[in-house]
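Taking the form predicted on its own, here's one chain by itself in structure tokens.
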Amino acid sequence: MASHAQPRDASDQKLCLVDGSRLVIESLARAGADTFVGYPITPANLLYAYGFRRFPAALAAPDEITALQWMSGFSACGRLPVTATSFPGFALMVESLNMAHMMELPMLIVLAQRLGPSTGSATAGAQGDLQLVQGAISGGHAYPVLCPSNLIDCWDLAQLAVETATRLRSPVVLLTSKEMLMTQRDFDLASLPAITPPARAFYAGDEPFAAYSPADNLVPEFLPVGSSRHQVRLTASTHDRRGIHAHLAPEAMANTARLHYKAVRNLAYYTRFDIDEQAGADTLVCAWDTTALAAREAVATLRESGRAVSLLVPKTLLPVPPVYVETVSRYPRVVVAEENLNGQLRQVLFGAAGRSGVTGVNAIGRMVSPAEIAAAVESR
């Protein structure tokens, strides 16, 4: 759904300086996440520090592989674990992420992008990990990837990430970046809506529990291991509805395909974006993460000068919501701005072949400026 900020009366404001890390951790805790497991890494270190203060349980892992293995154990026991990392740590987590995807274990990974490749520059921002998370699951399976575009989103999308992980029984990635997480900005705390943790229901039937028997929404019910009433069989190998290894049996193949389709079938539940369309505009600016801040400023400047232009800010990045495809197809010119070399969102939306009228505004090692976006819109 499209989201819109609501103006507030000045007398109701509670102004302060805050960074995105604090809002993300507080929102996650209020939404029901109850365990933080981490290995410190820049620029996710504020998340690590806040997580240890705020969560009911927190463990310092000796490395990122262990962190996600411990996360899986907590999730299998019925807790909602969170970790935070950057590219080098996420790279080590990929195999365990696939395990959690296959076992259908709810959890949240906050991925703070920084300049790569490899260790790159830990204190330089970037938006270079979108295609990494897109291809992280073997077979190209879809899973939810959300991305805040401002401080309000840090609050709203962190809550949505927890709800989506629980509802879909799936790992969820909150893809963000150094500037979003570490830069302090003036902010009105009164603008944050209250968060009520969703009630989490576990399987309560009398029939033997089949850990991978899906409901109509393709999501199976969950029951933590250690149940006194039912055997709970969880496995990362190809399996049937009961969790029995079944190699290439039709039921097992259908279960493997379901893992992909459940993310797609339930996409409308976790689709979030901002759309600001102007009558008469032939150009759409599209930007994500911190570059969306520059895009909003560029669009405002262009409109003040009399130039009609529209703006799309995707917040649910993967799987790609159909509304993005429908929106970009209505504009003969699309300018996609992002802080990477090769235009990763542009390729996600338009593929390697691109499309006539589509251009990119890109930068590495620095942020994209509003002036650069405005110049791209004005150029012919």
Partner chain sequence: MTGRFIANPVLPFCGGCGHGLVVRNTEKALEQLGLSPLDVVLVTDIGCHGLIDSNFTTHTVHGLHGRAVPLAAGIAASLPAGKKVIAYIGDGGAAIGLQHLMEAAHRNFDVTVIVHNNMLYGMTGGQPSSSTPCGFRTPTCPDGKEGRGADLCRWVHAAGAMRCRRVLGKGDFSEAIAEAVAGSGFSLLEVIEYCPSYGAKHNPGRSLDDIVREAGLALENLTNPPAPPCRLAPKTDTGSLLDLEPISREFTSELDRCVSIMLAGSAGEGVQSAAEMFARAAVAAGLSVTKKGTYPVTVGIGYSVAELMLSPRPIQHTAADAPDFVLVTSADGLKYCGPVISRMRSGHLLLDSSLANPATAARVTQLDFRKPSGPRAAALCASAELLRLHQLFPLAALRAEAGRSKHTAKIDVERLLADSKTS
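It should be emphasised that the depicted structure is a prediction, and the values quoted were computed from it without experimental measurement. Numbering follows the first chain given and starts at 1.
The same protein also has a form predicted together with the partner chain, omitted here; what follows describes it.
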task = Give a yes/no on whether R296 approaches the partner chain to within 4.5 Å in the predicted bound form, heavy atoms considered.
result = yes
ask   = Should T256 be classed as touching the partner chain in the predicted bound form when contacts are defined as heavy atoms within 4.5 Å?
value = no
Interface membership of E251, the partner chain in the predicted bound form, 4.5 Å heavy atom rule = no
request  = Indicate whether the partner chain has at least one heavy atom within 4.5 Å of a heavy atom of L59 in the predicted bound form.
outcome  = yes
key: Option from 126-134, 165-173, 261-269, 188-196 whose residues, in the predicted bound form, bring a heavy atom within 4.5 Å of the partner chain   = 188-196
message = Within 4.5 Å of the partner chain in the predicted bound form - does that hold for a heavy atom of every one of Y324, S329 and V377?
response = no
ask   = Heavy atom within 4.5 Å of the partner chain in the predicted bound form: which of I275, V232, A91, A308?
value = V232
key: Contact residue in the predicted bound form, chosen from L218, A281, A210, M99 - any heavy atom within 4.5 Å of the partner chain   = M99
